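Just one chain follows, in the form predicted alone, and it is written as structure tokens.
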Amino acid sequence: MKHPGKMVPEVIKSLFKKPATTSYPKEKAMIPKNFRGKIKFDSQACIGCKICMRDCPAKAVQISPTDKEKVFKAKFYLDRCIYCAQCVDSCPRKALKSSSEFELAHYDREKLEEDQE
């Protein structure tokens, strides 16, 4: 560094500037309106057609019947899901919806398999 004093004005100027980044996770992140987060399942609306399973490019959705007649449960493999929401678009009864939930990280991979009824 030939002239270290050259950067002093720039350093002083940056002390009074507003930061370009957010202080996440101290402050909650702003979620866009059509954000594609964790998928929510409505078992009352599901007819068990399994179109969501067929259309999912990551094979992250599994629909299976329950003990009750015409009631289904869903299993989501969050470690496979790419959050494209193709399953939401494919569902003819709107049983799947994207939520704004995005903080899904876990150390244990088994916790990324989630059953929803």
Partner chain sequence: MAEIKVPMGPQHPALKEPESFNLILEGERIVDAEVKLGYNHRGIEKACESRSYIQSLYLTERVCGICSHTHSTAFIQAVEEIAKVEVPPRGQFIRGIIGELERVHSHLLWLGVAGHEVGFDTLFMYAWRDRELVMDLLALLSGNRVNYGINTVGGVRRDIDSEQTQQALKTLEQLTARTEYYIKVVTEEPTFIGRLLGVGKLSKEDAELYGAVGPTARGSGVSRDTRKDDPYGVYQHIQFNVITDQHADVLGRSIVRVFELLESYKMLKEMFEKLPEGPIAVKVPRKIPAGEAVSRNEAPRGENIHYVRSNGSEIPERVKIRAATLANLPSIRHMLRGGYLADFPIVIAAIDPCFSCTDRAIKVVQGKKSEIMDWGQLREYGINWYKKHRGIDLSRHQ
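Here the rigid core means the biggest group of C-alpha atoms that line up within 1.5 Å when the two forms are laid on top of each other. Residue numbers count along the first chain shown, from 1. Bear in mind the structure is a predicted one, so any value in this text is a computation, not a measurement.
Separately, the form predicted in complex with its partner chain exists; it is not shown, and the next lines address it.
Worksheet item: So in the predicted complex, does K26 come within 4.5 Å of its partner chain, heavy atom to heavy atom?
Response: No.
Practice prompt. May I ask you to state whether K38 is within 4.5 Å of its partner chain in the predicted complex, using heavy atom distances?
Written response: Although its partner chain is absent here, K38 would stay clear of it in the predicted complex, with no heavy atoms inside 4.5 Å.
Discussion item. Taking its partner chain as it sits in the predicted complex, is I51 in contact with it (heavy atom to heavy atom, 4.5 Å or less)?
Written reply: Judged by the heavy-atom cut-off of 4.5 Å, I51 is in contact with its partner chain in the predicted complex.
Discussion item. Would you classify S43 as touching its partner chain in the predicted complex, given a 4.5 Å non-hydrogen atom cut-off?
Written reply: Answer no; every heavy atom of S43 is more than 4.5 Å from its partner chain in the predicted complex.
Practice prompt. Note yes or no: does the Cα of K13 move by 2 Å or more between the shown form and the other one after the core is superposed?
Written response: Yes, because once the rigid core is superposed, the C-alpha of K13 moves 2 Å or more between the shown form and the other one.
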